[in-house]
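Take a look at this one chain, the form predicted on its own, written out in structure tokens.
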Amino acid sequence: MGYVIFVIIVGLVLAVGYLYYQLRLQRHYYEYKADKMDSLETSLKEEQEQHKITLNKLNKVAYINPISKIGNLDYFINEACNQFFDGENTPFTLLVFNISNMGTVNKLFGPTEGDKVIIYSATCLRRIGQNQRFLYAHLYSNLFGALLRTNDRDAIIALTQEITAALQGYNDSFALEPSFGICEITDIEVPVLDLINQAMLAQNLNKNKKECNYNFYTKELNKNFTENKGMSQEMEQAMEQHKFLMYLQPMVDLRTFKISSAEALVRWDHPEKGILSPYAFLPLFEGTSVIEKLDYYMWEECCKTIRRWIDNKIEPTPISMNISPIHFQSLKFITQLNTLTEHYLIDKNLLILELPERGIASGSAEVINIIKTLHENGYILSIDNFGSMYSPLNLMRDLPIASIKIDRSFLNKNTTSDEGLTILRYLIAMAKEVDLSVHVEGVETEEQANFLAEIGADVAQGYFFSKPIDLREFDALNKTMINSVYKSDEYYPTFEDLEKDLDLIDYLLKQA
């Protein structure tokens, strides 16, 4: 009996010991699990913090412009949508602006100065936006945007004036010239990007930026834009059908009063609108690949005309061809010119390339290289619209230019006062000093022609002599040699006159 009791007691002790052992194991297991959980929780918190930091960095990359350090286009679109549907029934107006003379800033002072202008503009917009509590952003490039909870035009115009005034504090070397486009939002369902495009359209079509630097978007404006866009789409088909016509405006030698050359000018024979002057369509194509194609088309028309003259035993008249500023981005247009002259077997001396002042005024290494390459390829070069913008007098000295063409606005501005006339005299004298020929456009009166001849100008063109005319009229006019239309108030003997005088002298000597 005692043995049995002993065995039972030992069994109970072992069972209790076993249970105690299991409890200790469970305790260690749960302690281990708890430690692991604490470690995992700590690690998870650290990962969450790291993800927050990464997300903030990604947000900065995705929604902050790296130069101006304010919100970008994506940020503006997201925040604008949030405001449109936040439940507050308020009117909205979208405003965009850029620095319209940024191109000039970059040309004269370099891209680093351009970045400083962007940063300063963003700083001004941030300060004003924070004070007035409106959404603002640097949309892209040189374009800023603001979303205003108002359609009060007086308040909006006051904001444009405040931004304009703030930008005037940039520096004393040059003034920043902002240009604003304003779109009053009548339907918040319209995509924000479309609203921005409407505001930009109003801004781009602001014709009097000096007098009024803002413009409101209207349906009429959009209608005109749509029509213009349609004209752009018609353009390539019009070239294929030869609806673009080459007109020639005579350029007259102010010594002999005969046609020395002619400028090629484009006209569009539009099926609905009739003959359109370049002012009706060229602004639509400026700065686009369309203007390149139109230039190539016109250059070929010039070469065809010279070839026709030669083939018909007509003394070819040199033709001045316009080179649009967009071509000064690469050398490829020179290859196109060479291809045309080789195909039509044209002497390059019969082509005068008119390089626009605004295209070459920067004097950058790329522009200088293009001009020198043109000269090396045998082309005669002229600076067109001289005096309309920067009047780069150093280009007259440093580049292989054969002539300058004084702009009509420069002529008109400087023939109404003694000071202006003096400027013209000295400009022509300086050109002569560096062996440049001086051409003048926009001559409309006999007084202007006589004065220009008197002070040494070489060639003139304008309505006084002839308007731009088609090839048939030009050929007929060229036969009359223009001097039947215009007589100078001074006599300039020609070689033909000299030959007649020599024949007369020879005859008299023989009679003696």
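Here the structure is a predicted model, which means the values were calculated and not measured. One rule holds for the numbers: they count along the sequence shown, beginning at 1.
Below: the form predicted in complex with a small molecule, not depicted.
Just one of I185, L143, L201, L282 comes within 4.5 Å of the small molecule in the predicted complex, counting any heavy atom, and that one is L282. Taking A402, M102, A361, L265 one by one, only a single residue has any non-hydrogen atom within 4.5 Å of the small molecule in the predicted complex, and it is L265.
Among heavy atoms of N206, none comes within 4.5 Å of the small molecule in the predicted complex. Among residues of the shown chain, K304 is not one whose heavy atoms approach the small molecule to within 4.5 Å in the predicted complex.
Using a 4.5 Å cutoff between non-hydrogen atoms, S324 counts as a contact of the small molecule in the predicted complex. Using a 4.5 angstroms limit between non-hydrogen atoms, S417 is distant from the small molecule in the predicted complex. Partner contact region in the predicted complex: 257-265, out of 234-242, 111-119, 257-265, 145-153, criterion any non-hydrogen atom within 4.5 Å of the small molecule.
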